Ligand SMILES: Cc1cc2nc3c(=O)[nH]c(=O)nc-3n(C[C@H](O)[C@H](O)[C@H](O)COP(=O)(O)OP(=O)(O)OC[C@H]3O[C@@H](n4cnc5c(N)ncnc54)[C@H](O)[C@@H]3O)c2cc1C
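Listed next as structure tokens is one chain, alone, in the form predicted alone.
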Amino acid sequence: MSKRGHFFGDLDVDVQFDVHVGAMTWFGIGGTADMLVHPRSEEALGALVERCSQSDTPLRIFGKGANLLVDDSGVDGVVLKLDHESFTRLRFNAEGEVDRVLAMSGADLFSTVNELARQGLDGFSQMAGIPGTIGGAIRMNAGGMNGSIGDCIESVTCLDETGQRLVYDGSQLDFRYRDSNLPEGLIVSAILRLEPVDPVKLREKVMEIFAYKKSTQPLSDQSAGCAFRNPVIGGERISAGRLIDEAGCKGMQVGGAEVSGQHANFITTGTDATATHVRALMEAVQSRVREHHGIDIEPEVVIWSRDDRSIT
């Protein structure tokens, strides 16, 4: 067994080496991961997290790759993918209540929205049309004009860097725009607080939200969603897309990366694009907005590179 393989030899995990994870992102570009690991149980996950901490091995979590740019040089350490059924399931009647659902962190957002609508449970419909996983969405408090995932969180279960299981009640958590006070660590699951409604009307509501997103965003192109966060100016949150548009950035290109002509806060990638192109274009957009408006806009897209060693 190789030295890298020995690191996982006694754990209930599947391991792949030198995996082109950049191609697995919604951008479809970027480098490789030294190790892509698929735990089969929460026990194996906890042991792996502890082992990475003790050996100072970088650890990252790959969800659906919807809000991620992987540097062309790739990433070192361990990249986790929680795609085993242990981490993708929903459990209804969680805690014995019909309006509480246990959602594991690897559960797909699209599938979760659709299943909850089929069951006639509202409170999660604001996530319609938003790609990703439960864990990734909670970590960044993903959402849109209809609300965010934090609106329906009853509790969140995490693992700290030692692999210890910690549960945070919703009353302890302050979910803010694309952020929260949730401590660093790996999200394992969450209890969703929902409301029984007419499933037919709920399905119509979900379809309306999705249709609006489809009409206003370049969903058919390769992109990672909104590239920049909406900044707060004078106590008011301003649309980054509007600032970018007014700065004349639509259609700007660097190599195979381009600012979308449909929505200025989307950067799309073509067949010849690289992660370096995207990063250079993001910097050019930031510079143009700063020159035009005197405002700094910060990336919403997460960027992985070999000099980043934190759990994300």
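All values derive from a computational prediction rather than experimental measurement. All residue numbers refer to positions in the sequence shown, first residue = 1.
Keep in mind the form predicted together with the ligand is missing from the figure; the text below concerns it.
Contact check for P39: every heavy atom lies farther than 4.5 Å from the ligand in the predicted complex. Remark: G123 does not count among the residues lining the ligand in the predicted complex, judged by a heavy atom distance of 4.5 Å or less. Contact check for K64: a non-hydrogen atom falls within 4.5 Å of the ligand in the predicted complex. The ligand in the predicted complex is approached by Q217, whose closest heavy atom lies within 4.5 angstroms of it.
Using a 4.5 Å heavy atom cutoff, none of G74, F228 and V278 lies near the ligand in the predicted complex. Proximity to the ligand in the predicted complex, taken as a non-hydrogen atom within 4.5 angstroms, holds for one residue of L11, V302, V19, V15, which is V302.
I187 is the sole member of I153, I187, V101, L202 with a non-hydrogen atom within 4.5 Å of the ligand in the predicted complex. Heavy atoms within 4.5 Å of the ligand in the predicted complex map, among the stretches 203-211, 113-121, 91-99, 139-147, onto 139-147 alone. Scanning 105-128 for heavy atoms within 4.5 Å of the ligand in the predicted complex gives just one residue, S105.
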